[in-house]
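First comes one chain, alone, set out as structure tokens in the form predicted on its own.
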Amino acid sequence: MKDWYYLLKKLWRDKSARIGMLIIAVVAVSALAAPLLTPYEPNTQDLSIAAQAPSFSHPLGTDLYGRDLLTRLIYGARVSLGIGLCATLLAVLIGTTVGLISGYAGGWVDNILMRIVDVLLGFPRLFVILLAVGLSTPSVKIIILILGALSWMEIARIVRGEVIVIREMLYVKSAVALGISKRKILLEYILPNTTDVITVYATLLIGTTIIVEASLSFLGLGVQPPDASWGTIINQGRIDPINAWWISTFAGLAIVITVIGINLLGDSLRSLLNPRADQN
């Protein structure tokens, strides 16, 4: 706990990290406190005010069905951030497990697992995601499973590389000589020393996952209407991009600003936890 406190303290001193954390905090708090921040419901339609430009009563305007755009963006943050976080956690779980086993076992186990990773990396990820989602019934759970199941390969490679280095260190060799079980060595001696690189990559992966989810929803393969998602809002805005410019514009800005905040935090974490990466 103390280590995390000092880490947050160092991050706060970094300007980029501070901006990133503030952006993420504003988006996350807005998503969690959505009912307190807006008097409107995200799916309630009022065609009498359809495609209304930004005004005092509707600061970001309304969409083509008369729904308050700010409300839909706030509720859409719940979906986009939720999918990004859950899919990333699933990818980290799979990738870390494969990387630990591959790096520690070595030999034929390592060869088989890494060849599987190579094959999966050889396919265009977005195409495979589109195919997988298109063959299933789009839902939030399905999207999380597909994105997580197709995003773990890079993490596996990174963790494997760290494990190969760590397993040769004296304290690990001493644990092996003492007859400590492989499971305990992996979980208590090796895994804690890979959390830095996992944390950095996972932070950056969240931003990528949010963009992929928005792309799927824009194409009609992600979150389905009338549920609010940043991608579905952009998709609606393309129907009349000139006269209702605010629909796609503000949804796109929400994605851009959120991903920038996540990437700023991720880059600062990388510089802080792995300073050698910036020197290479």
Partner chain sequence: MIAYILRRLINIVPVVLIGLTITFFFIHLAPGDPTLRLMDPSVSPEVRQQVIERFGLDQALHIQYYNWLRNVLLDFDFGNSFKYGHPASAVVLDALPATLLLTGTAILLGLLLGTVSGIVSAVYQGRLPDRLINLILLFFYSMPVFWLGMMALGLFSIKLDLLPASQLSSIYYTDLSPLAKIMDVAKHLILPVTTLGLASAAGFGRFIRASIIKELNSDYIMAARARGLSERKIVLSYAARNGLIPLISLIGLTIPVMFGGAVVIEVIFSLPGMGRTMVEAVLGRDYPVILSASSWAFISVVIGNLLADIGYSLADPRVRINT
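Positions refer to the first chain, counted from 1. Predicted model only: the values in this text are computed from it and were never measured.
There is another form of this protein, the form predicted together with its partner chain, and it is not shown here; the text below is about that form.
Using a 4.5 angstroms cut-off on non-hydrogen atoms, would residue 122 count as touching its partner chain in the model of the complex?
So residue 122 counts as contacting its partner chain.
Quick check on residue 223: any heavy atom within 4.5 Å of its partner chain in the model of the complex?
Contact check for residue 223: no, nothing within 4.5 Å of its partner chain in the model of the complex.
State yes or no: in the model of the complex, is some non-hydrogen atom of residue 70 no more than 4.5 angstroms from a non-hydrogen atom of its partner chain?
The answer is no: residue 70 has no heavy atom within 4.5 Å of its partner chain.
Would you check, heavy atoms only and a 4.5 Å threshold, whether residue 136 touches its partner chain in the model of the complex?
Because a heavy atom of residue 136 falls inside 4.5 Å of its partner chain in the model of the complex, the answer is yes.
For this chain shown on its own, do 6, 169 and 193 all sit within 4.5 Å of its partner chain in the model of the complex, going by heavy atoms?
Verified in the model of the complex; spot residues all out of contact, no.
Heavy atoms, 4.5 Å, its partner chain in the model of the complex: which of 87-95, 173-181, 206-214, 74-82 makes the cut? Say which one.
It is the stretch 206-214.
Just give me the single entry in 52, 38, 248, 30 that has a non-hydrogen atom within 4.5 angstroms of its partner chain in the model of the complex.
Comparing distances to its partner chain in the model of the complex, the residue within 4.5 Å is 248.
Find the only residue in 187, 131, 112, 145 having a heavy atom within 4.5 Å of its partner chain in the model of the complex.
Contact with its partner chain in the model of the complex is made by 131 alone.
Residue by residue through 245-266, tell me which have a non-hydrogen atom within 4.5 angstroms of its partner chain in the model of the complex.
Contacting residues: 248, 249, 252, 253, 255, 256, 259, 260, 263, 264.
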